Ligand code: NAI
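For reference, the chain that follows is the form predicted on its own, supplied as structure tokens.
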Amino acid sequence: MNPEIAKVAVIGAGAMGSGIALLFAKSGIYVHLVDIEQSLLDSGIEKINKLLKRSVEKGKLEVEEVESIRSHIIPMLDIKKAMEGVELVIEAIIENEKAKKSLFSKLDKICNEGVIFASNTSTISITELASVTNRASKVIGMHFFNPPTVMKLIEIVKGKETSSTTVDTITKLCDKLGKISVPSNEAPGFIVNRVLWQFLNEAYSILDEGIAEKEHIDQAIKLGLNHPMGPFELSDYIGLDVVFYMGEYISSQLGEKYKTHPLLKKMVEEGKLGRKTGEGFYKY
């Protein structure tokens, strides 16, 4: 039986990784935040500090609490050293199966056999990721949503060999983090992104066919379906490249019905990736 998780490693200090690290630190769990370059680590810590500063300004945290939270996050470049004493590793790197497999294969050689491997993948097969390790029973999907400190949901995804003990451990951990966990069997896109991809792709079709302008489509969805963001606002927020890779993977697994709309591909090729590049469907 796995012990209660007291120390984790988060691989990848981008928007998701840094947000996941902050979430754990707020729950009193020590985090080794790992990346391959100092500049990437610095950027991740800067994101965390900005979020903490905003929480103080809004009266959600006291200064003393902030210092305690910061002390629970240890940025590290040495991946081998970062694995010392951890019970759980969460990868939050690029949404690319080859890259994730390479990382898990490397980690499997470094980590103690009891360490659980979790992937923050939004689409990729957990069984495939587990296949490069010698711990398939301890590999699981732990899909957070952006921003991880705010969004209540975590999808828990079982691979074919993921044990019930691993699922129970991660479910209890989600409870400790104050999140609602929803179990999903393995399938491309799992629950949310399987639905989301069709939703976004259809919005691109409506725009491309000239049925309505993007602003009006966004407004209609927000008011008609009570969504906080319309499909084009959401695409820009997620990043059009991330949406594109998600769609390409789902369509490669599920066929023509899920084929990526050419409009999205064109925008990605033009480097219009949304908020992070200053322009996507909208300009920022």
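Note that the structure is a prediction, hence the values are computed from the model and not measured. Sequential numbering from 1, following the sequence displayed.
Not on display, but discussed next: the form predicted together with this ligand.
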query: Residue stretch of 217-225, 234-242, 250-258, 49-57 approaching this ligand in the predicted complex, non-hydrogen atom distance within 4.5 Å; finding: 234-242
query: is_contact(Leu173, this ligand) in the predicted complex, heavy atom dist at most 4.5 Å; finding: no
query: Ala187, heavy atom within 4.5 angstroms of this ligand in the predicted complex; finding: no
query: 4.5 Å heavy atom contact, Ile94 to this ligand in the predicted complex; finding: yes
query: Ser122: touches this ligand in the predicted complex, heavy atom cutoff 4.5 angstroms; finding: yes
query: Contact assignment for this ligand in the predicted complex, among Phe117, Trp197, Phe144, Tyr204, heavy atom within 4.5 Å; finding: Phe144
query: The single option of Lys158, His72, Lys179, Lys100 touching this ligand in the predicted complex, heavy atom within 4.5 Å; finding: Lys100
query: Sequence-ordered list of residues in 11-30 near this ligand in the predicted complex, where near means a heavy atom within 4.5 Å; finding: Ile11, Gly12, Ala13, Gly14, Ala15, Met16, Gly17
